[in-house]
Ligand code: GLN
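Okay, here we've got a single chain as structure tokens, the form predicted alone, with questions on binding and movement later.
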Amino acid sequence: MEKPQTVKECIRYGASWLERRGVDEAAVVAELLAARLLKCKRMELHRFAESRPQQRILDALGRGLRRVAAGEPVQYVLGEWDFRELTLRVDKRALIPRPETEQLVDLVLKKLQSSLLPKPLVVDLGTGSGCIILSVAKAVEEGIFVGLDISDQALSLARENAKLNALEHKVYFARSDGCGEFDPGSVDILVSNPPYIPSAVVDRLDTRIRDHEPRLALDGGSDGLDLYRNLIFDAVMVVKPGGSVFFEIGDDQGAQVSTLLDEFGFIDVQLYKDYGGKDRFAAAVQSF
């Protein structure tokens, strides 16, 4: 094959190179890398299709292709990722924000809109990149928004994302492995996407996840439910009567998480499905 000359040819060549190395959605990956280097949206690449990229762009594209081919998630190679209305910095300090988690934010916002609370206290436990609490703060004009995490590295990333999206004065981040330090009955919404993969399963995950994303954010203990037990125990103390909890869960954990919520006295326990039709979220209300 002749050396590619135009942006269109470089993308086609890069996609073909990735396909031969077994990379899924190779064309999309090549387009994302090219768009990042050309500082445009992927759907705007047509504007550059026939232009000749500078050598520095070609060199950087080559480095990005090699990193993806070696198993690194494209999101980490790009260094940023869109989540709802936010553009977030992403790297190995926290999990890559997933589309399913956008649905978790939708559930929280729907509850806040229906409850008409004047200044709700919303707590995101295990905040990671900050994608959940920053999205809620972006959408809700008035409130107290707190993101907690046990990882100092994740918190540093979340604070960077708050600043990147001009939310650094609206969202407070702190180190904590729980939320028991809040006053009893003070939290309106507790939301979390905790580690929920059983320890033995983590070692069998796709290498792009297992070898690159932080294990602390993946490993949920022997049955994947350790964090839920701790979260729900804290929630009983700190969530207001009539307040709500929202959790992202493993697609086979709905019954177990529902039972935990019921055993701790929560009411109106509900499961919600993700885009693939699998149980992915659990919600419940603190009893009065």
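Every value quoted in this text rests on a predicted model; they were computed, and no experiment measured them. Note that residue numbering follows the sequence shown and begins at 1.
In what follows, reference is made to the form predicted in complex with this ligand, a form of this protein that is not presented.
No member of the trio 18, 66 and 74 reaches this ligand in the predicted bound form with any non-hydrogen atom inside 4.5 Å. Exactly one of the stretches 193-201, 108-116, 156-164, 143-151 approaches this ligand in the predicted bound form with heavy atoms within 4.5 Å, and it is 193-201. Taking the partner from the other structure, this ligand in the predicted bound form has no heavy atom within 4.5 Å of any heavy atom of residue 84. Although the partner is absent here, residue 88 is not a contact residue: none of its heavy atoms lies within 4.5 angstroms of this ligand in the predicted bound form. Heavy atoms of residue 137 never reach within 4.5 Å of this ligand in the predicted bound form, leaving it off the interface. At the 4.5 Å threshold, heavy atoms of residue 102 stay clear of this ligand in the predicted bound form, well away from it. Between this ligand and the residues 122, 217, 171, 179, the one pair within 4.5 Å by heavy atoms in the predicted bound form involves 217. Interface residues of 75-104, taken as those with a heavy atom within 4.5 Å of this ligand in the predicted bound form (partner not displayed): 95, 98, 100, in sequence order.
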